[in-house]
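Here you get one chain, nothing else, as structure tokens; it is the form predicted on its own.
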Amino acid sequence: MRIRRYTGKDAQEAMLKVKMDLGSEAVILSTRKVKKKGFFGFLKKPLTEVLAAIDDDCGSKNYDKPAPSAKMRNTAGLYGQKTAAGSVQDDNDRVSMLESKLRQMESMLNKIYSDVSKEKAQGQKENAKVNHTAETTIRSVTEKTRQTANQTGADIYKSFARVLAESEIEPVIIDRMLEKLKQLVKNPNSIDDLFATARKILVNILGEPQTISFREDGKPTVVMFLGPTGVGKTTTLAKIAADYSLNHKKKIGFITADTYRIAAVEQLKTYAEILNIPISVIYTPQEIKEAIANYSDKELILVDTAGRSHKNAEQFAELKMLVASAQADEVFLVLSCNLGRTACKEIINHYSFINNYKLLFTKLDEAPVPGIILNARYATGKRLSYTTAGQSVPDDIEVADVENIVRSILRVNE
């Protein structure tokens, strides 16, 4: 008897294999469901297993097999012949043993699956723990980064304040600048981030410069130049006269009250001669009205005054009388860019008796930084007008270049 095992996806397929192999005389010994081999087979749909047997005589009828050879018969005799019943019993024992092994394998696979599931669950817990730790770390790093950014921002503002301080800007202006910048620039990454906004603020503070505003009633426009000694009033007056005489074809007259310095009178007379402009010299404040009346045919009268020390009360009182008598249409307070902050504040305070005036700054080329321009503009609220840089007449004078002044204050070229 021959015993064989057949598997199929279902009973019909397994039986078909039995009939094709053993024929219709085959005897079905057992059927059962089995799992495919391997780990992944355990998770798939089970197969149908059929254990079938056939008598050797029936098999010879179906397959017309030749009779066993003498050698085969001798071999069979050597090992002994088994009865059909004994052969079936042996096959059943082997089947039972295989089934036992299969059950052991199934149990082992179940254990493996259980262990894998536990490891997966444990892994998920570990991942959750790692994720929680990572989130905590990220929050900590984010907070530290934010603190660092805030600290960096503070340092940037300090650096910017230092730039303004080095440009001789008054502390009150620096404080206001920083207050405004913090409103407009929330998180600066570098000092450069502040420059564009700071430039706009400073340009707005300095304002649009104004030059001489001429009368429209046909009378001459009287312009007076005031300021301390040594700031360059006479040379500046000559530069303006040359510009309006040569470039604007204005009829001009000179008046000088600076008789305390003989060189000043001679200097202005020289300019008057070169430009073909008449000049009058006065010695007392009372003479100013008559001198102005004598130039009724002119369009522009430029009045030079002596540099008066604000610390000399008598001289300064005389200057006030001159200003009151002249009743000038325009007054320019002439200041040197190389004045210190303290001296500039003192001069501005002592010239506060002037109702209205414009700021004119000389020696821009001699000043390392033009901070005084911003300080004076902020302190007085008066308009800027001209700046001079050099002694050449009439070339070294121009309407104040606000953008250029701001760039110098911010040291953007350094």
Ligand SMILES: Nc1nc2c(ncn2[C@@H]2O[C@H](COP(=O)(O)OP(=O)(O)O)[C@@H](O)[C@H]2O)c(=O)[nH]1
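Here the structure is a predicted model, which is why all the values come from computation and not from measurement. Don't overthink the numbering: it's just position in the shown sequence, from 1.
Note that the form predicted together with the ligand isn't included here; everything after this is about it.
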### Task
Among 205-213, 281-289, 186-194, 234-242, mark the stretch whose residues have heavy atoms within 4.5 Å of the ligand in the predicted bound form.
234-242
### Message
Just checking whether residue 390 would be counted as a contact of the ligand in the predicted bound form - the rule being heavy atoms within 4.5 angstroms.
### Response
yes
### Query
Would residue 230 count as a contact of the ligand in the predicted bound form, using a 4.5 angstroms cut-off between non-hydrogen atoms?
yes
### Task
Would you please decide whether residue 267 lies within 4.5 angstroms of the ligand in the predicted bound form, comparing each non-hydrogen atom pair?
yes
### Message
Please determine whether residue 366 contacts the ligand in the predicted bound form, using a 4.5 Å cut-off between heavy atoms.
### Response
yes
